[in-house]
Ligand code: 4AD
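One chain comes next, on its own, written out as structure tokens in the form predicted on its own.
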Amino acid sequence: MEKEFISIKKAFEKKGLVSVRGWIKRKRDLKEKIFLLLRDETGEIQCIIEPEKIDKKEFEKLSKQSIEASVELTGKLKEDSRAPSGFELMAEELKLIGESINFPIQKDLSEEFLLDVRHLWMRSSKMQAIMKIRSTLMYAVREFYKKENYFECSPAMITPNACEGGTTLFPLKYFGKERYLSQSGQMYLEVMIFALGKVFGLTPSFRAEKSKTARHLTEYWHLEGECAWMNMDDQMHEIEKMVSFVCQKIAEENPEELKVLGRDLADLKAIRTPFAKMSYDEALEILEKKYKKKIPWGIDLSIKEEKILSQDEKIPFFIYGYPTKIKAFYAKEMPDSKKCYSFDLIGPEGYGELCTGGQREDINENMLKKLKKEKIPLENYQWYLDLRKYGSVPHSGFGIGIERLLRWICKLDSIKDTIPFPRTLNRSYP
């Protein structure tokens, strides 16, 4: 009869004689026995391998292995308060499945080396915890928007035009024409609101930003939404509900992973609506008191300034009413035209911008005027202008980088740890 293998988590529930398989996380060789800490995706179990109880050849092969060798084990669970889980597996059968000789990752290695061996570093407890939380986040986002009656859409990844400025586009040759990797699916999602009302997309975006900060990637996962009949305030309310929902879900489903990362569960449970809101003008007043000098109106807030505004906060908050001149051409102007209905969601504890959004320009003449003023060629935007030409309505939307949100939720130093294979200015390997 074929042996039935179960997960380590289920083994603790079943007890008695069990068969498990996984990878060696730690190994200690003594003369009379070998101690293993075996891991799989569900947990870890301490195992004792004694040569007289198992096949001699398998024991000899095991003694030559380093960490990360894969094995199958059958044995009985025995209670032991000294073991990390409170149980030990006393092996009766052992089979080495995949060898691992001199696994290259040891203690105290540089960040650059760990990025070079990212394909192996993903097995670490830290990265395993982050990736499990990331998975919960992705499921939670879709659950929230399904519950709120949004439709998920798939915007194009190859595009003829810029959405966030031409200097950060990745060009590519497309059958003799120049096209670009998408910076944002926003414009394509705007198309869909005229058919579906409220839509969202969860897709990769690409930005050729020559930035080396702890919160920039050139390839990232972009959660974006667009909604017919919603103004800026409506959209901010939608965002705060979503972020709170995601935080509660992760606190509920990933307490062990948060513990591995040293993240306080209570902090996430405290993320409840409504979030505080401050105007751009109010933000400048706070910064002027901090700097003890006048700050020119109309500047964009830097990473440093966002950190100053957020470092003592525990809950995300909004800054709204930004100067029109620092926002994209599709941002709808307020009556005085100097400001627009645009907002940023700022992460607490110095994490800075997590999300940007606002009300979109819905009048064709206004959009044309802006495009001409910024000397943007109209030919690639005719389809976008058509949206304002045929049955335009007030609408709003947002974009949030999954990795920025995850970085704050997990309280990580670098955004590079939020994605399996980070792409940055100087890194595209492995």
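All figures in this text were calculated on a predicted structure; none of them were measured in a lab. Don't overthink the numbering: it's just position in the shown sequence, from 1.
Although it is not shown, the form predicted together with the ligand is what the next lines describe.
**Q** Report whether the minimum heavy atom distance between I400 and the ligand in the predicted bound form is within 4.5 Å.
**A** Yes - in the predicted bound form, heavy atoms of I400 and the ligand come within 4.5 Å of each other.
**Q** Is D233 close enough to touch the ligand in the predicted bound form, meaning at least one heavy atom pair within 4.5 Å?
**A** Outside the cut-off, so no.
**Q** Is Y220 close enough to the ligand in the predicted bound form to count, meaning some heavy atom within 4.5 Å?
**A** Y220: yes, in contact with the ligand in the predicted bound form.
**Q** Applying a 4.5 Å heavy atom distance criterion, does I415 contact the ligand in the predicted bound form?
**A** Yes - in the predicted bound form, heavy atoms of I415 and the ligand come within 4.5 Å of each other.
**Q** Since exactly one of E282, E209, D80, E253 fits, which has a heavy atom within 4.5 Å of the ligand in the predicted bound form?
**A** Contact residue from the list: E209.
**Q** Name the residue from S244, T356, S310, T159 that puts a heavy atom within 4.5 Å of the ligand in the predicted bound form.
**A** Spelling it out, the residue with a heavy atom inside the cut-off is T356.
**Q** Looking at heavy atoms inside 4.5 Å, which stretch does the ligand contact in the predicted bound form, given the options 311 to 319, 178 to 186, 332 to 340, 292 to 300?
**A** Residues of 178 to 186 come within 4.5 Å of the partner.
**Q** Can you tell me which residues in 359 to 375 come within 4.5 angstroms of the ligand in the predicted bound form, by heavy atoms?
**A** If the 4.5 Å heavy-atom criterion is applied to the ligand in the predicted bound form, 359 to 375 yields only R360.
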